[in-house]
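This document starts with one chain, in the form predicted alone, laid out as C-alpha cells.
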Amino acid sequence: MDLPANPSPTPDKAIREAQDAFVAAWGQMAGAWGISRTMAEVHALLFVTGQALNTDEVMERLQISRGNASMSLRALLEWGIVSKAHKRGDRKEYFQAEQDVWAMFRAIVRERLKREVEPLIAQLHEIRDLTGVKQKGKTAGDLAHLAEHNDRLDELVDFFVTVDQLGQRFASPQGRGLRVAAKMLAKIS
C-alpha cells in the first residue's frame, strides 16, 4: 500500500500520554498471552497511532534497539496483524497495524490455534497411540484400566478437536464468525 509522502502529524500531549498508557497496558498484558512485552508494545504503538511507522520511528518512540524492533515487527508480520506499507519518495519500510479489531483478533485466534492447539492435538494423538499396542497377555483388570485411561484421553482429544474446529470456523480470514459468535454468547444470560 502506498502512503502519502508527507510526514505524520505529531500528536498533542494528551493524545501522546493516552497512547503511551495504551502501549504500557498492552505490553503488561503480553505475558498473560505468552508473547514478548516488546512485541506487544510495538503492536500497540502501530495500532493506537493508526499510522504507518518505520523501524527508526518505532525504536525512537519505544526506546528499544534496532534488533528488538526488527524481531518484533517480523513476528507481527508473521501473525498477520501488521503489514508493510510504502511511502512515495521514501526507501524505508513502513509498518501498519490492522485497524479492524475483529479482523485483528481473528488473526490472533488463528495464530494461537496454529501454535498451541494444533500441536497439542498431535501430541495427544501420539500419547493415545502409545496404549494401543501390546495388549496380549493383559488381564481383564488391566484391559479395563487401559480402557478407562484411553476414554479420558479420547475425551480430551475430542474437546480440543472441537475447540480447533470452532476456532477455524469462527476465525476464518474472510468471515465474521468470531463477531457473530461473541455477540450470540453475550446475549446468553
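All values reported here derive from a predicted model rather than from experimental measurement. Numbering starts at 1 and follows the sequence shown.
Separately, the form predicted in complex with the DNA exists; it is not shown, and the next lines address it.
**Student:** Report the stretch among 120-128, 43-51, 58-66, 146-154 that approaches the DNA in the model of the complex to within 4.5 Å, counting heavy atoms only.
**Tutor:** Of the options, only 58-66 has residues within 4.5 Å of the partner.
**Student:** Can you work out whether Ala75 and the DNA are in contact in the model of the complex, taking contact to mean some heavy atom pair no more than 4.5 Å apart?
**Tutor:** No - in the model of the complex, heavy atoms of Ala75 and the DNA never come within 4.5 Å of each other.
**Student:** How about Glu93: is it within 4.5 Å of the DNA in the model of the complex, going by heavy atoms?
**Tutor:** Because a heavy atom of Glu93 falls inside 4.5 Å of the DNA in the model of the complex, the answer is yes.
**Student:** Can you check whether Val109 is within 4.5 Å of the DNA in the model of the complex, heavy atom basis?
**Tutor:** Contact with the DNA, no.
**Student:** With the cut-off set at 4.5 Å between non-hydrogen atoms, does Met71 touch the DNA in the model of the complex?
**Tutor:** Judged by the heavy-atom cut-off of 4.5 Å, Met71 is in contact with the DNA in the model of the complex.
**Student:** Taking the DNA in the model of the complex, which residues of 28-60 have any heavy atom within 4.5 Å of it?
**Tutor:** The stretch touches the partner through Ile35, Ser36, Arg37, Thr38, Thr55.
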